[in-house]
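Next up: just one chain, as structure tokens, the form predicted alone.
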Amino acid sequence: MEKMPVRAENLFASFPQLRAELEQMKVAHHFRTGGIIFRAGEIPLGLYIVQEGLCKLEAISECGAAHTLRLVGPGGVLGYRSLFADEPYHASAIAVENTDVYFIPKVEVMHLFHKHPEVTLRFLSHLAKDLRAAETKWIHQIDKGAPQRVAESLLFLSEKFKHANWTRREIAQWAGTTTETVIRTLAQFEKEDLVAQAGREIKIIDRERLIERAEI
């Protein structure tokens, strides 16, 4: 199964000729855990590049449920889809842990793209890969039941973020289900000796059997 990317390709670092220009353009910001980088509905004013830490893009459905669309780690770029579509953000960017980002104003971004068309092509490639990953996750959420999605989320989050203890609510947002469903599913997994729970910590005991439950 293709995983949703978290450590994105650094789109600007691969162009050494841009470093001097970027140093003059970028503005550094620090966000503590839970800090809002931008909110859904706001007008994009530029791009955010994650330097350290981890962010999530969170959207609220019509029924009020929160869903994690994407996790973005160092090298990842936030806000580019809405910026280039010339429309408000459709999701909020939130720091999952203490995070440092660089902000590049819209006018500077457009100047870079006009001056360096090779960067534009790289961005188009990045957009295409993001769309493919989003479509893959959407298909899996349609095809699989909640227990399979919870199992898959546990495997993915434990593999990518070994140091983090995810809340049941965060797992639900990533799996596309409810917190109550995650709690019930984890209790069942614990009975089956697939996982062990100690407070917020969830430890995978039998990874192979959990992979089978996830139908990966």
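A residue's number is simply how far along the shown sequence it sits, counting from 1. Note that this is a predicted model, so its numbers are computed, not measured. What we label the rigid core is the largest C-alpha set whose atoms superpose within 1.5 Å from one form to the other.
The discussion below concerns the form predicted in complex with the DNA, not included here.
Using a 4.5 angstroms limit between non-hydrogen atoms, K203 is distant from the DNA in the predicted bound form. Among residues of the shown chain, A146 is one whose heavy atoms approach the DNA to within 4.5 Å in the predicted bound form. Proximity of T167 to the DNA in the predicted bound form falls within the 4.5 Å heavy atom cutoff. In the predicted bound form, the DNA lies farther than 4.5 Å from every heavy atom of H29. Note that among 66-74, 47-55, 167-175, 152-160, the stretch whose heavy atoms approach the DNA to within 4.5 Å in the predicted bound form is 167-175.
Interface residues of 192-206, taken as those with a heavy atom within 4.5 Å of the DNA in the predicted bound form (partner not displayed): Q197, G199, R200, in sequence order. With a cut-off of 2 Å and the rigid core superposed, I43 has a Cα displacement that falls short of the cut-off between this form and the one not shown. Taking 2 Å as the criterion, F189 counts as shifted between this form and the one not shown: its C-alpha moves by at least this amount when the rigid core is aligned.
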